[in-house]
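We begin with a single chain expressed as structure tokens, specifically the form predicted on its own.
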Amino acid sequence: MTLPAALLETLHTSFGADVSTAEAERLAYAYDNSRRNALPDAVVFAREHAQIETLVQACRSHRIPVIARGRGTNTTGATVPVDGGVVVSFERMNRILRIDPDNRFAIVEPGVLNGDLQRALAPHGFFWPPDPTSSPWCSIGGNLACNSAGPRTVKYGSPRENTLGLRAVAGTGEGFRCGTYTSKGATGYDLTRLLIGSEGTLALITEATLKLTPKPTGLRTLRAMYRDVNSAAHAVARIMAQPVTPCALEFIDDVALKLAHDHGGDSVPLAGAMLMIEVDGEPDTLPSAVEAVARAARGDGLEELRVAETTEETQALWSARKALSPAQRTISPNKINEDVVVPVSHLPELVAGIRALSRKHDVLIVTFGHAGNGNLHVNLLPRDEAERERAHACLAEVFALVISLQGTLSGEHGIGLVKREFMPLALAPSTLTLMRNVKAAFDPDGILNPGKLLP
């Protein structure tokens, strides 16, 4: 579509040089890490909250879509402007406004990179627990939009558990603040947790008050090798059933290990399955915590258990996990990357079921992920068009299996465009109706990120 002249005039007045309708700029903001692609009609680069209010009010008056964008690292098409409209990039709205160690919070703009925030907090002895793999280049706004978490979620929680309050602009163009500056609060509906994970369909976040956690001084890494995936899955359940919660508990299946071994060489071990475990704490309590986790890791099927004693050993133990992503790309540039979740006790059934589906559809599937939460990344690796067709049929059955095990479609990637059609599998019609009513309350004209999340 061509944007109305009156809207363009408003954008130029509000954003000045930070607005572009040039094709090259629009192409750069037409896609995300999902490889889906749709051209926006304009791109604006926000620098302050008031600009977002003006933008949304103007776009609402012309019924033009508004799509919020961080750094485009999401894998579900959540930032692809499928109906055109205006993409608002927050990459220049990237200030850390306040770090308050006494009250354990930081106030940041949405364009702050996760890794930059962690470096700024370190001298104060704190960290923000969410740590996606993409933390060096993903933004806090994107983390909040998809509730993106990472390995530390098993002990410290996701963005929902680590965000105190938000400032945002609804689809009406009205700015508002929700949440608190305190760690406790029972004043009305919890709009903060509602906005987190809503993928920019309810409001555009312009500021976040994040809950900080003191950084432990000690960290130990363990690697456990198992005879088969079933033994490793049962070990996860044992580890999570004892009192010491690891700060990371990663599962890698045998297919993934072989891929990583082929790519990374002999530094990557071969086994039926592997668990990478990290335990943090203070020096006087850390040895007993490590021993408690190690006891739980031992059991039927364990072939080797190693505890890293130095930084170099720790890096060596993680070599398999680090080699995995580049190894997968050599097999299939069109991999389908899903992040399903089941209760931890159902992990053995999930792993066995995925194995059966891989054989049934003759599609290579690599499984790894944050096993302590029951959150596994299921990567289907089709190598040609015939395998791609089989992979999509297989994916529907993977989701059905997950739901049958009391699981859910996504742990941290979100729904976006890619998983919309599967939402009725996970949620009852009455629940989806309530969600649509919430959407209508925040965004009565449906201009915020249309075509995403809700089927």
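In this text, residue numbers run from 1 along the sequence as written. Since the structure is predicted, the reported quantities are computational estimates derived from the model, not experimental observations.
The form predicted together with another copy of the chain exists for this protein as well; it is not shown, and the discussion that follows is about that form.
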Candidate stretches 243 to 251, 221 to 229, 351 to 359, 305 to 313 - the one whose heavy atoms come within 4.5 Å of another copy of the chain in the predicted complex = 243 to 251
Do all of Phe126, Gly185 and Thr408 end up near another copy of the chain in the predicted complex, with near meaning a heavy atom within 4.5 Å?
-> yes
is_contact(Leu7, another copy of the chain) in the predicted complex, heavy atom dist at most 4.5 Å | no
Using a 4.5 Å heavy atom cut-off, state whether Thr153 contacts another copy of the chain in the predicted complex.
-> yes
Using heavy atoms and a 4.5 Å limit, would one call Glu412 a contact residue for another copy of the chain in the predicted complex?
-> yes
Please run the contact check for Arg193 against another copy of the chain in the predicted complex: heavy atoms, 4.5 angstroms, yes or no?
-> yes
Taking another copy of the chain in the predicted complex as the reference, which of Gly77, Gly301, Pro382, Gly197 has a non-hydrogen atom within 4.5 Å?
-> Gly197
Would you give me the residues of 145 to 173 that have any heavy atom within 4.5 Å of another copy of the chain in the predicted complex, in order from first to last?
-> Cys146, Asn147, Ala149, Gly150, Thr153, Arg160, Glu161, Ala170
